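Next up: a single chain in structure tokens, the form predicted on its own.
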Amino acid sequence: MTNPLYLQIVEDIKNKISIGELKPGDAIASESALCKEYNTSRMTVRKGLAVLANEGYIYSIPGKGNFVAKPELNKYTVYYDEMHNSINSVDKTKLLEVNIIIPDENLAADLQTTRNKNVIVIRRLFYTEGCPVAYDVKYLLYQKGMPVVEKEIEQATFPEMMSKSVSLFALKKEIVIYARQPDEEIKRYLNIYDELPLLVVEQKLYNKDNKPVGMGITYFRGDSIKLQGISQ
């Protein structure tokens, strides 16, 4: 099946950029020239240029035209699934706690809420082949009448926990990744008896209004997780 014409324009310009025919800072042919080259309407050309701009290939200067953007070589897309990574998969979870708490000052600030608002806390252990590999804590903003079904929570990923109150398509996700040494409580949970470090992944979920709806912290044994990313 032939691609729509605007996508052909997109692919042609991408190819010229990839092979170096067009370099960062170079001007893209004018809309009029592209209309003539592809024998199409200005609307079709603009649709293709909008795709290229959204994907970061070009940028526009009002009154001057479109130009090839400089690639962001330090930006990567990291693929993260708390239940699966490139060296390990969780095959069992254990629910330790589901409770409603009053947040402390730090948690209230992270969730952009007040200290008199209830928060659901969920604590779990993740296992692979019978061995604990991660200690997981989630904080969800409590809504009146919000169901807390333990069987659903036990196996769910963080976005799935929010799916009944927020559309998954409307969720914005943010992660922070860092290493740290485990405290005594986490050592007991994860059967750590030496100086094995943790890889900690903090997640925040935001609704369509960019307001936090939940926060999660997963503490992985350093020998049980490997994250990968690719440049755009």
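For every residue, the number given is its place in the sequence shown, counted from 1. Predicted model only: the values in this text are computed from it and were never measured.
There is another form of the same protein, the form predicted in complex with the DNA; it is not shown, and what comes next is about it.
Undergrad: Does Asn66 reach the DNA in the model of the complex, with heavy atoms at most 4.5 Å apart?
TA: Yes, Asn66 lies within 4.5 Å of the DNA in the model of the complex.
Undergrad: Look up in the model of the complex whether Asn207 has a non-hydrogen atom within 4.5 angstroms of the DNA, and give yes or no.
TA: Heavy-atom contact with the DNA at 4.5 Å: absent for Asn207.
Undergrad: Do Ile61 and the DNA come within 4.5 Å of each other in the model of the complex, heavy atoms counted?
TA: Heavy-atom contact with the DNA at 4.5 Å: present for Ile61.
Undergrad: Even though the partner isn't displayed, in the model of the complex is Lys187 close enough to the DNA, meaning a heavy atom within 4.5 Å?
TA: Judged by the heavy-atom cut-off of 4.5 Å, Lys187 is well away from the DNA in the model of the complex.
Undergrad: Of Asn191, Asn54, Ser167, Ser30, which residue is found within 4.5 angstroms of the DNA in the model of the complex when only non-hydrogen atoms are counted?
TA: Selected residue: Ser30.
Undergrad: Go through Lys173, Lys70, Arg42, Arg180 and name the one with a heavy atom inside 4.5 Å of the DNA in the model of the complex.
TA: The residue from Lys173, Lys70, Arg42, Arg180 that makes the contact is Arg42.
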